[in-house]
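Consider the single chain below, provided in C-alpha cells and representing the form predicted alone.
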Amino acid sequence: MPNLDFTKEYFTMKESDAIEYAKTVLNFFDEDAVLTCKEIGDGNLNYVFRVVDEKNNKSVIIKQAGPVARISDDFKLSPDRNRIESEILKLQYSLASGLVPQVYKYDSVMNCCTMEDLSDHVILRTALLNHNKFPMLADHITTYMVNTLLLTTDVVMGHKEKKELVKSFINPELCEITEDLVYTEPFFNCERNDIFEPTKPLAEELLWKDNKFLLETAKLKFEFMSNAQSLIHGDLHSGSIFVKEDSTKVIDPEFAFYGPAGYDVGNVVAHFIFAMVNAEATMEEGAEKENYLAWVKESIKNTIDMFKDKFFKLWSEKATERVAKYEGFDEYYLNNILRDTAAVAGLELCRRILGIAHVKDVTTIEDTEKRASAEKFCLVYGKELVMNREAMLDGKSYLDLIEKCKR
C-alpha cells in the first residue's frame, strides 16, 4: 500500500492510518519501531488512537476530531475544537504543570493532536464504578481548578491579553451543545430526552411544572452565555480525569471557552454525587461500603473547602488588578463562583438523568427500584442546589443537604 499523504486534506483515520501517520509525520518513534495501534475512544465526539512501539515500549495518543459527533450525526461540529483543545492543554500545562498531559504536536490538516499516553492511569469514572479511593484526588483537582481558572481572569491577566484569549477560544458549536443539553432540554418534555420510565412522572411534577425553578434555569443559561470570567474546561466530569494513586491528569478540554468559573467546580461536585448514589445502590452493606461512602463525601466537602482556601491564597499572591485588591472583594468574587458551583452541580445532576447523555454511575444500577431511587435523589438534590445556591458556600452545606434530601 502506498504511503498516505496527510498534508493535503482531512479524512477520518482508521487504526492502520494512525500507524502510518505516526511513521511518516511524527518525529517520536525510533526508525526501527514496531508499531501497533488500537482505537480506544469511548466518548461522544472523537476518535482516539493509542500507538505503541512494541519493540521499545514507547507510546503516544493521537486524538482526531471529526465533523460530526460520534453520539449522533445531529451534532455538526467544527474540527477547530481540536485546535482549541491543543492550545488550551499547552496553556494549562504551563499553569498547572503535572495535572494535564503534555501535547507534542497539533496538525491543522488532519485535525488531530498527539499527546502523552496516560495508559498507566485509569479513567476516574471507571475507578469510581469499581469503588476505588484516591486520597490525593480532591487536593489535585482543586489545585488544577484554582490555577487554570483564577490565573486566566481579569484579576490576574492584563485585560487586553485576556480579551485576546476570549477571542481565540470562542467555541460556538460546543457551547451550543451545553446550552441545549445542560440548560434547556432536560427541563421540558423534549423529544430528544432519554428518560428512565419510572422517573418521568417525577420529572414532570418536580421540575417541568415548577415555574419558579424554570425561571432560575433561564437565569443560569443566560449567565453561562454571557459571563466571560475564566478559561474553563467546560466538560470537567469523571470521564475527563485520569487518575492513579499519586497522580491526577485532566484531559479533553475541547468544550473550553471563556465562561463562569463555577461551571468546572460544579461538574466535579456533581460527579462525586453520582459516585455516591452508585455506591449506595450497588455495594454490599458493611465496612467497605461505609468507608467508601465516607471518602466520597469527604471528597465533596474537600472539593469546595480546598478550592476556597487555595483560591484566597493564590489571589493574595497573583492579583494584579488594583480594584481587585480592595478589602472584601476577593470574598465577594469567590462567593459568586460558589453560587455558580452549586447551580451547575444541580443542573448537571438533573441533565444526566433526564437528557440524552447519561452516566454509567446511574445506568449500570441493575435493580429497577434502586435506580429509580437514585434518580429521584439526583433530581431532588439537584433542584435544591439550584434553588438554594446562595447558601452553598462551604463543603459542610453540601453534606447537610445530602442528609436533608434523603429524609
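What you are looking at is a predicted structure, and each value in this text was computed from that prediction instead of being measured. Numbering starts at 1 and runs along the sequence shown.
Omitted here: the form predicted in complex with a further copy of the same chain. The next part is about that form.
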Requested in this report: Flag this candidate site as yes only if 179, 323 and 326 all have a heavy atom within 4.5 Å of a further copy of the same chain in the predicted bound form; otherwise mark no.
Outcome: yes
Query raised in the report: Of these, 164 to 172, 107 to 115, 277 to 285, 127 to 135, which stretch puts a heavy atom within 4.5 angstroms of a further copy of the same chain in the predicted bound form?
Result: 164 to 172
Requested in this report: Check each of 206, 95, 228, 195 and return the one that places a heavy atom within 4.5 angstroms of a further copy of the same chain in the predicted bound form.
Outcome: 228
Query raised in the report: Of these, 217, 147, 199, 302, which has a heavy atom no more than 4.5 Å from a further copy of the same chain in the predicted bound form?
Result: 217
Query raised in the report: Is residue 255 close to a further copy of the same chain in the predicted bound form, meaning a heavy atom pair under 4.5 Å apart or at it?
Result: no
Query raised in the report: Applying a 4.5 Å heavy atom distance criterion, does residue 122 contact a further copy of the same chain in the predicted bound form?
Result: no
Query - in the predicted bound form, residue 316 touching a further copy of the same chain (heavy atom, 4.5 Å) - result: no
Query raised in the report: Should residue 312 be counted as a contact of a further copy of the same chain in the predicted bound form, where contact means heavy atoms within 4.5 Å?
Result: no
